[in-house]
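What follows is one chain in structure tokens, specifically the form predicted alone.
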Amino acid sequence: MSPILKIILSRLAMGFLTLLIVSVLIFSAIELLPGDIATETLGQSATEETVAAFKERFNLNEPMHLRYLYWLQDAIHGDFGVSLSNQRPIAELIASRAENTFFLAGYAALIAVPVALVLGMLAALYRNTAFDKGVSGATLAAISFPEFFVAYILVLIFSVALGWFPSLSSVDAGIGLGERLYRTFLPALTLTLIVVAHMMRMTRAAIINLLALPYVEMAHLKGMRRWRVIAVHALPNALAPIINVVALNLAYLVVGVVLVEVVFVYPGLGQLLVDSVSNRDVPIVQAACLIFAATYILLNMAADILSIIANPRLLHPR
């Protein structure tokens, strides 16, 4: 077995072990919350017989470790049980909400990644100039504010003052792609402004570090244009750290949409999580947290594997 394959397999094993540990923490943390789930769901006026039947139906009388094993076994098969508040299957509730969340994250990624890479290369090309300082300052200012503050500023400018985009991103299954892109532009722009700084600055730093290497200087001495040296010679060798930070920010786009979805009342998984916490709908909270955790861990594994594959020292060992 090649060394690179061993590293990839070890990363995969570590990722799945991490996901298992996180699932234990999610289940345990929610189980340790104060109060009785049955009483909170049924209300104080529920009879003892009703509470007992509720606990029997949802295995609440079983020990915690057994309930975790039942829950994990069902979750592996895509069965998260039924909602305590409306008795609907949780998989059905989560499916459309998760689709909306991943659409919003993908929309933001399609804007953020090209913009960050281009700005990073231009900042490296014109480093220490007014352009470099201006772009770095603007991106750092955007990332210094919390998501909800950036969202409200965008609503104030583009919805209230200019009236270009709606302040509420209400979408449904029958809406067209163009209308969906229009209604979700402000939340996508909010996420873009939050994550673009990390990717831009990593791209800039990785390229600047490579510009002082001998093979890049040789390309300059041969008369190649500076932008061509960066795009052809520096950028491919800087892919490992860039891919890593891009994947990490993509993971943040998925798990960091909760506040943005609440601000824009966007019907995504984050909004469903907040509503379920308010209703004390524990099974939905567990399922949503597990999906967010699995997404983050899988994207981190993808970042590790892609950075390994893009590393010339590992691909071509001496």
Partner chain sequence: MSLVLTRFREAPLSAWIGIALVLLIGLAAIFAPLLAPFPETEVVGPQYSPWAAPYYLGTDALGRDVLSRMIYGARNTVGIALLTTVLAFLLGAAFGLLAATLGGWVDTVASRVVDVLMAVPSLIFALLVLTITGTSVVALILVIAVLDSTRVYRLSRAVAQGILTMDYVEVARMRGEGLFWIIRREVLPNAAAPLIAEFGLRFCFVFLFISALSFLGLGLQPPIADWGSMVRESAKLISFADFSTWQTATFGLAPLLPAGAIAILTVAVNLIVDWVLHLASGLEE
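Positions refer to the first chain, counted from 1. Nothing here was measured: the structure is a model prediction, and the numbers come from that model. What we label the rigid core is the largest C-alpha set whose atoms superpose within 1.5 Å from one form to the other.
What follows is about the form predicted in complex with the partner chain, which we do not show.
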Within 4.5 Å of the partner chain in the model of the complex, heavy atom basis, the matching stretch of 239-247, 91-99, 160-168, 112-120 is 160-168
In this chain shown alone, the residue from I153, L181, I175, L72 with a heavy atom within 4.5 Å of the partner chain in the model of the complex is I153
**Message:** Taking the partner chain as it sits in the model of the complex, is S144 in contact with it (heavy atom to heavy atom, 4.5 Å or less)?
**Reply:** yes
Residue-level contact is defined here as any heavy atom of the residue lying within 4.5 Å of the partner chain in the model of the complex; does I308 satisfy this criterion? no
*asked:* Is L253 near the partner chain? Define near as a heavy atom within 4.5 Å, in the model of the complex.
replied: no
Requested in this report: Using a 4.5 Å heavy atom cut-off, state whether A13 contacts the partner chain in the model of the complex.
Outcome: no
request  = State yes only if every one of L104, L125 and V195 has a non-hydrogen atom within 4.5 Å of the partner chain in the model of the complex; otherwise state no.
outcome  = no
Checked 257-279 against the partner chain in the model of the complex; residues with a heavy atom within 4.5 Å, sequence order, are V258, L259, V262, V263, L273, V274, V277, S278
- Message: Once both forms sit on the same rigid core, is the C-alpha displacement of F264 at or above 2 Å between the shown form and the other one?
- Response: no
Review point. Superposing on the rigid core, do we see a C-alpha displacement of 2 Å or more at F27 between the shown form and the other one?
Key: yes
